[in-house]
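Below, in structure tokens: the form predicted alone, a single chain.
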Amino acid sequence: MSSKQQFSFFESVERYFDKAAELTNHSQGLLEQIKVCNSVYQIRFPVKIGNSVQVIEAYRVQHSHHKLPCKGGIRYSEHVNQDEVMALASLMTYKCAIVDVPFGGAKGGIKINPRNYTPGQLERITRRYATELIKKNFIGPAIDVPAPDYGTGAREMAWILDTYHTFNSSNIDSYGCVTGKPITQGGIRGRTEATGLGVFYGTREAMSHADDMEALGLTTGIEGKRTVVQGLGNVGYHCAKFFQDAGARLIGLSEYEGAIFDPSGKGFDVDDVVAHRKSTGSILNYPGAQNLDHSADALELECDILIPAALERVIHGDNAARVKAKIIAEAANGPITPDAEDILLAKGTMILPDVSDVEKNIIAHGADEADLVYSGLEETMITAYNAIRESWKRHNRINDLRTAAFYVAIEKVACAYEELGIFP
């Protein structure tokens, strides 16, 4: 992380909030209520691992109760801490508001490296975590609905669902206690790729405005654009896949073991790279590619579109000046620090803030379920981007898309609180 970074992750989110909030006409009391995390649950619980007992550190944060249930993922990472989870929960509130999904924001995390545990050990940890949430009423279809995040997936959601259903077997809505579960457990087709698809739809819409692209020295449309994707997890892979299918040239890809660059400029086939990684254990030494020393080196490649799809704060005060992308389409939570953003905006970089990892309630199930998710998501992202852009262009004190996004979110959450009659 940057030596120049002055803010924690949560403080960075608060800074973005404050910058937009001062442009509104709402009372200080209402703004403070929107800003704070309503409920923070810090947990320590013992789990037997092998012949010893480990005390596991975990969290669940409900940022806002202006709409219920709360909604947000659970991540497994050795870097999990309370500040991070509070920041992620806050961002979920604003993302849900921007795209008109009727949830309050939440987030959870367990401070472990999942690679260090067997599936059986991970199941014990997950079920114990779910039990702790149940005991404190921090999970339920009408209360708080977790989803997968970094380090978790459908398997973990199935364990949480089964644990919740065991305690609530008479609740006919118990299967709604999590999203992102397996299709056989009531999951929705199309959900897995939805976040990556949302990033694609949002970027495609941004690049359809000729005047905005002309200012960047670009033509409209994604086809032919040099694209770099940092992170090839679920979100990064699907971002790469959708951009590739739209004609983008994937000239750089990175994972935690390193990064690769295509010196020919023609672009990689992401499925071919993934197959290479499966067979060799690494994306490095892909035929025809140039290896880069560090994963973060991919962020500094000269390109038209950069998609950071891994963890937060990967672009910071120490490397922002070396980032050469004309457009940064965020596919991770908070990948750019405030000081880095100032540097990038001063250079004229267009930053498309991440508003894509939210889900709509899809009631219908069946063969056309994925089509419903795709079409609903496309309309949602187009509408959301244009609402943000309109605020950016209309308000003479808004100079960037992130401030515009926070402004739109604050207005929508404030409206919900005012309709409840809590604030005058």
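Residue numbers here begin at 1 and follow the sequence given. All of these numbers come straight from a predicted model, not from anything done at the bench.
There is another form of the same protein, the form predicted in complex with a small molecule; it is not shown, and what comes next is about it.
Stretch 234-242 is the contacting one of 234-242, 336-344, 124-132, 316-324, since its residues have non-hydrogen atoms within 4.5 Å of the small molecule in the predicted complex. Contact check for Glu255: a heavy atom falls within 4.5 Å of the small molecule in the predicted complex. Using a 4.5 angstroms threshold between heavy atoms, Asp304 stays clear of the small molecule in the predicted complex. The closest heavy atom approach of Val270 to the small molecule in the predicted complex falls outside 4.5 Å. Although the partner is absent here, Ala309 sits close enough that one of its heavy atoms falls within 4.5 Å of the small molecule in the predicted complex.
Taken together, the three residues Lys19, Gly105 and Thr403 lack any non-hydrogen atom within 4.5 angstroms of the small molecule in the predicted complex. For the options Tyr201, Trp159, Tyr150, Phe138, the one in contact with the small molecule in the predicted complex, meaning a heavy atom within 4.5 Å, is Tyr150.
Of the listed positions (Val228, Ala331, Cys177, Ile110), a single one reaches within 4.5 angstroms of the small molecule by any non-hydrogen atom in the predicted complex, namely Ala331.
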